[in-house]
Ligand code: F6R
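Next up: a single chain in structure tokens, the form predicted on its own.
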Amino acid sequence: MCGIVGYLGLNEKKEILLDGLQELEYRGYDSAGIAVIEGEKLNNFKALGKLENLREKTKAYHTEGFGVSIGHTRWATHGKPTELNAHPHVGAYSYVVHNGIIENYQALKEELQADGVKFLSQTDTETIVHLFEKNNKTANTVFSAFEETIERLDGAYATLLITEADADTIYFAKNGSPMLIGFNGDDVYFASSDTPIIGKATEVYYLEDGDYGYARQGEVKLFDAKGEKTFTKQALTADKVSAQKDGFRFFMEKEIYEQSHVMGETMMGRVLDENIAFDELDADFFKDIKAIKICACGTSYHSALTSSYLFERLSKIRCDIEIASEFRYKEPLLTDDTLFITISQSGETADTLEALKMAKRAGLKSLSICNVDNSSIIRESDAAILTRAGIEKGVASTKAFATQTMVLWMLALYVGQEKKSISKEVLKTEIEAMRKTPKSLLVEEKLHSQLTRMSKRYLHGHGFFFIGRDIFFPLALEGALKRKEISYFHAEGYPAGEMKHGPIALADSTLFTIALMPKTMHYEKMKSNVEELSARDATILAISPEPFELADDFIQTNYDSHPMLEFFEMMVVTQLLALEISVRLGNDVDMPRNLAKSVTVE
């Protein structure tokens, strides 16, 4: 969740740090800070809230000449959002920034306090800088003091440390949290992801778990448990256009409109005339695989749940879905004839990553579906399929969910194709529908205007039910999640047939029900379920190609030839509805309160 940037070189450091942190805002944060050493003089600034508060604090501060610098956006884990708890954390003469969790920090803190160290914050991070300075009293070199420090840390971390004891060096270490190094001549950059350094660095190296080292002007030394290691840089893209709003009010709005285009990218080279192809998978990848288990969190869990219907229906293979945070602690039964699939937009989701490691220890073959190349989950998996959604800055996921669902639909067909459990006729029908998907994702101006007008009637009420059947049940869950995430209203997704088993007791005129009523799947049963709610005075918004006379509001969809086309079209409607309600409420659509884009701690 937190974001890290670092820079070593001759350029103006404050602006590089602030610009880099701004590119990481989408992850979510509650405070930010920077620290700079120039000519052995250390300066630092911290601010609560938005990054503009830090900009204001540093307005009169400028840097000149060579120096080292680090910056951080913090999302509170240990300790409340306060300036004292904000990073960078200070020792007597050093500063540190850190993403992740130091699991043994309490023991380290007690040890340091027994030595007379005074802590300023409530964070686990502060133990790093004090432990380093304690080690530096007896170590032969500053670097050996840093090595001793890293050896004592348990947990997940990406950390940068600068110190007046070695004022021209940045020390770094990575284990379980993402971090990379960027290069441009003698300039060296650090960041949690690509975006802060695009346009600045020309080459990049993605640190692996266990990597640590130091950077000086024109020199980066890298080590792991085996000692010094060589590393290969790769080119860094210079294209930053996709990270801009392109005239849209919000990144989320832009990303909803982008879905039609990125879906074409997702399918490119994979959806062929008569079959599905994945160059990422070996020809015998599914040999001896008799079941699939998918592990994910949040929105990714909803895409997984959707795919469980598709795998069993189309490829005739058992498919079980697990919430990663629960899976980790349930002592699951894992057999080696099961393919373990993890889904994550960022590839850094802590619970999902730990679930993957559990499956690998049990000997299962693993596959990841992810939007970020070189992410931790991709590197940990036996094989990976990229969703190709491009940068998604809105915290409430839209195009990542759409592309994950498409990859899983393609994979269901691929498995059936490889195991010969799907007929050529069915495969052909599915591929034909797939090719129409980008059109089903196009946002019509008339539809958006209708939802903008309609949104004013959905600014109150005691609750919202999103209901659907079959694959439209996971879509109902996702629609409710979008409603919750950005408008802060209580909303639930429910299987429509379950309403009479308790939830219908809530029905009255201030209960809003968003009914997903596809023509291609269980329409009459859905109609009956909605009629029961209407009879109890619930307010009904029906989304369907078929007009529904009992609906208080009605959105007419266009596609009724295949369930997945209806699925994606209705998905866009629920996304836009959540967006427009949130806009009317005056909420920060892209950065909703209490949420973060990349959940890198459990």
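Predicted model, so just to flag it, every value in this text is computed and none were measured. Throughout, we count residues from 1 along the sequence that is shown.
Absent from the display: the form predicted in complex with this ligand. The rest refers to it.
- Among heavy atoms of K482, some come within 4.5 Å of this ligand in the predicted bound form.
- The closest non-hydrogen atom of I385 lies beyond 4.5 Å of this ligand in the predicted bound form.
- In the predicted bound form, this ligand sits within 4.5 Å of a heavy atom belonging to A396.
- Contact check for T349: a heavy atom falls within 4.5 Å of this ligand in the predicted bound form.
- A single residue from the set T299, S192, N136, T169 has any heavy atom within 4.5 angstroms of this ligand in the predicted bound form; that residue is T299.
- The contact with this ligand in the predicted bound form, taken as any heavy atom within 4.5 Å, belongs to Q345 out of S307, N99, T127, Q345.
- With this ligand omitted here, the record of contacts in the predicted bound form names 290 to 298 of 224 to 232, 90 to 98, 290 to 298, 113 to 121, defined by a heavy atom within 4.5 Å.
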